[in-house]
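So this first bit is one chain, no partners, the form predicted alone, shown in structure tokens.
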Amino acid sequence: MKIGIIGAGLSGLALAQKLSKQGHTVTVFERDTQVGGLATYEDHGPFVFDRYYHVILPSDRYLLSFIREIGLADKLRWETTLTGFFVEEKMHSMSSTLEFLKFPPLSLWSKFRLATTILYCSRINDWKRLEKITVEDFLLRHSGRTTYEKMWKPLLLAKLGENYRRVSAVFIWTYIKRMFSARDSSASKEQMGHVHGGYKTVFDRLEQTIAAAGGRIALNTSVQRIAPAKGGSGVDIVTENRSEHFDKVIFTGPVNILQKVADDSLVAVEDSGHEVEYLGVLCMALVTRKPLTDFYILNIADRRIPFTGVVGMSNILDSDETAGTHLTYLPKYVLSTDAELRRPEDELQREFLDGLRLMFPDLKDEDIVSSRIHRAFKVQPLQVLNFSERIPKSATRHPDFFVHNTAQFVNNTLNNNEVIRAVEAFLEKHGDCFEPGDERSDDALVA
């Protein structure tokens, strides 16, 4: 069967690999010049590594299973990591139970309330009711004002920017469910992992397996139109240069792009009456000759600092992966429509580096090898109150056309484990449709 997939992010490439493995011939269309989407990589000269920060948790069973499936289990690396907070111009470690109990900004009562909030969240199963309350109100109610200001608010700012005030409590529920699973309770330490060489190692392997099965990845190729094949079954994909026929087509891009390129006879998008807002990110990738911090993640509770966290990526990497230098990410999350995302590179560079020197006054110009500002305009939907009712509902109208994207992530955070989980769910739901002689009479709901 000849299958076309639109979008060469992790989702599209994982689908291509799995369908190729079943014997199908797959073509992946990508408008960018390299694969990966939000998980793509950057060439720093002496080394190549992820453009944005990613980490694998011990509980990421779908992602870990996928890594083993494509033959990269031997490339997995695990490290014990440290978590810190920059509060009142000081750095505090929060990497063990003892450090938690000693954390100076919180009283013993505040620490108790923090612990009970985490335990309570970890035991919640009915996420729908959390959509009705803002994350701020939820945390104030369960943790109190002091704990909220000293602990939770910096975390919310780190992941949501100033938009945290409009986000539902579903966000913190999913965060706790995932991030606290990284802690080894027996050792009271966090374990985090990555694939040696970053996601470029993963994408290189996927490109190799797709090509070996007779498939191809068409980079720098913009899809102009998707339409039912004339006079028969299947779907046609029209690019700038040609029209190509496929037995099945899977679209993995955003809903707004889907509405622009897909013929109305292929898919119906129900307007909920609410526009889905997206978070974007500004992220400095800083390469230095010496490490900035021993923490993997340093959360910031200081409004003078223009970014919302310091991610010491080199604390989990082998030294050969960054050519003996040290890689640190400085993220700042804003709405995708925020003018901040469009500010000139030199302005952002100066602002971020000035903020960095407030935190690390010993940092010298000669310590910096390079610094780059990366921008992503649509990182993930903003999970506002009643978000599951606001997202556009989509259904396909053609038996050979499918839509699979992250817009339907309503009760989890966007991370690569969830991406692979969603791919597995899609194939479990629609796997029979990719068998020879498949015929479907009913509309297929979007996965």
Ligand SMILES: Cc1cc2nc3c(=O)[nH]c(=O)nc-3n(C[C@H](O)[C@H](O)[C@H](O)COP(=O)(O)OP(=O)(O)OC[C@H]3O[C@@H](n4cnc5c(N)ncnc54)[C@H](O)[C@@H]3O)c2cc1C
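This structure is a prediction, so every number in the text was calculated from the model and none was measured. Residues carry their position along the shown sequence, with the first being 1.
The discussion below concerns the form predicted together with the named molecule, not included here.
Trainee: Would you mind picking out the stretch of 394-402, 28-36, 65-73, 381-389 that comes within 4.5 angstroms of the named molecule in the model of the complex, counting non-hydrogen atoms?
Mentor: Correct option: 28-36.
Trainee: Considering non-hydrogen atoms and a 4.5 Å limit, does the named molecule approach N417 in the model of the complex?
Mentor: Residue-level check for N417: yes, a contact with the named molecule.
Trainee: Under a 4.5 Å heavy atom criterion, is T221 part of the interface with the named molecule in the model of the complex?
Mentor: Yes, T221 sits close enough to the named molecule in the model of the complex that at least one of its heavy atoms falls within 4.5 Å.
Trainee: Would you please decide whether V281 lies within 4.5 angstroms of the named molecule in the model of the complex, comparing each non-hydrogen atom pair?
Mentor: So V281 counts as contacting the named molecule.
Trainee: Closest heavy atom of L10 to the named molecule in the model of the complex, within 4.5 Å or not?
Mentor: Heavy-atom contact with the named molecule at 4.5 Å: present for L10.
Trainee: Go through P105, P254, G355, P154 and name the one with a heavy atom inside 4.5 Å of the named molecule in the model of the complex.
Mentor: Partner contact (heavy atom, 4.5 Å) among the options: P254.
Trainee: Could you pull out the residues of 306-344 that have any heavy atom within 4.5 Å of the named molecule in the model of the complex?
Mentor: The one in contact is Y333.
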